[in-house]
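In structure tokens, the next block holds one chain alone, the form predicted alone.
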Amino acid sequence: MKIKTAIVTGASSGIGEAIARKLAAENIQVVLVARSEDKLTALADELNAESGAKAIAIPTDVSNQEEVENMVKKAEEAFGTIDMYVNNAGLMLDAAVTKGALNQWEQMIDVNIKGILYGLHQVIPNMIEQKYGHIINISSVSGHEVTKVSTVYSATKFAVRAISMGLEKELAHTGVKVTNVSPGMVDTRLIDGYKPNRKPLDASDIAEAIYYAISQPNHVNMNEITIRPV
């Protein structure tokens, strides 16, 4: 049986790290992608020591198209075909329009939207050719709802959902699946400084949901998963 390979962006911490750990534990080869080389290398070494699957670290800024292109080429050279691409890398910065944080808005647009599209552009043609693949886009409940402090961030996550919905229709009958995952508050560094009124989700909760989606039979596509704290 062929061992599958997944690329996970934003894999150096939080949800991305949890996803990588879960996939490796399930004997899926993992390409760890983020900007932090030290964290990625340490995680790759740990996963290779603990699991039967192989993990490699490829430091990449997903907002840079050339770096994403080179990353996917290196991943294919290492493992051959890419079976899953997890678009997890994201930024949540000052998002109220009245604050006028233009630089931070641009960073969120570059990572949260362009970063997703650059990765999709690289992996989808081969997935269509091999008639198999799974795209997992990490959106947010902020892509369903907008607060007075989330305007621009929510706009980027609405865009992620729109990309997922349209892509699912574009890829119908190709064998390539698309799953959009919208987590609520998750206990990661993104919520530093926030005071949630309920216990946040664990990053591993999101990883388990993603593994459930990718474990479905070939004829089943989990298009949308929304995960909220109780």
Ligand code: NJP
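All values reported here derive from a predicted model rather than from experimental measurement. So that there is no doubt, residue numbering starts at 1 and follows the sequence shown.
Here the subject shifts to the form predicted together with the ligand, a form of this protein not shown in this document.
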Listed residue (Thr174, Asn48, Asn70, Ser36) with a non-hydrogen atom within 4.5 angstroms of the ligand in the model of the complex
Ser36
Do Glu168 and the ligand share at least one heavy atom pair within 4.5 Å in the model of the complex?
no
Hey, in the model of the complex, is Leu43 touching the ligand, heavy atoms inside 4.5 Å?
no
Though only this chain appears here, would Val111 touch the ligand in the model of the complex if you measure heavy atom gaps against 4.5 Å?
yes
May I ask you to check whether Val141 falls inside a 4.5 Å heavy atom distance of the ligand in the model of the complex?
yes
Please determine, with the chain shown alone, which of 117 to 125, 131 to 139, 76 to 84, 95 to 103 has non-hydrogen atoms within 4.5 Å of the ligand in the model of the complex.
131 to 139
Going through 72 to 96, which residues have a heavy atom within 4.5 Å of the ligand in the model of the complex? Please give them in sequence order.
Asn88, Ala89, Gly90, Leu91
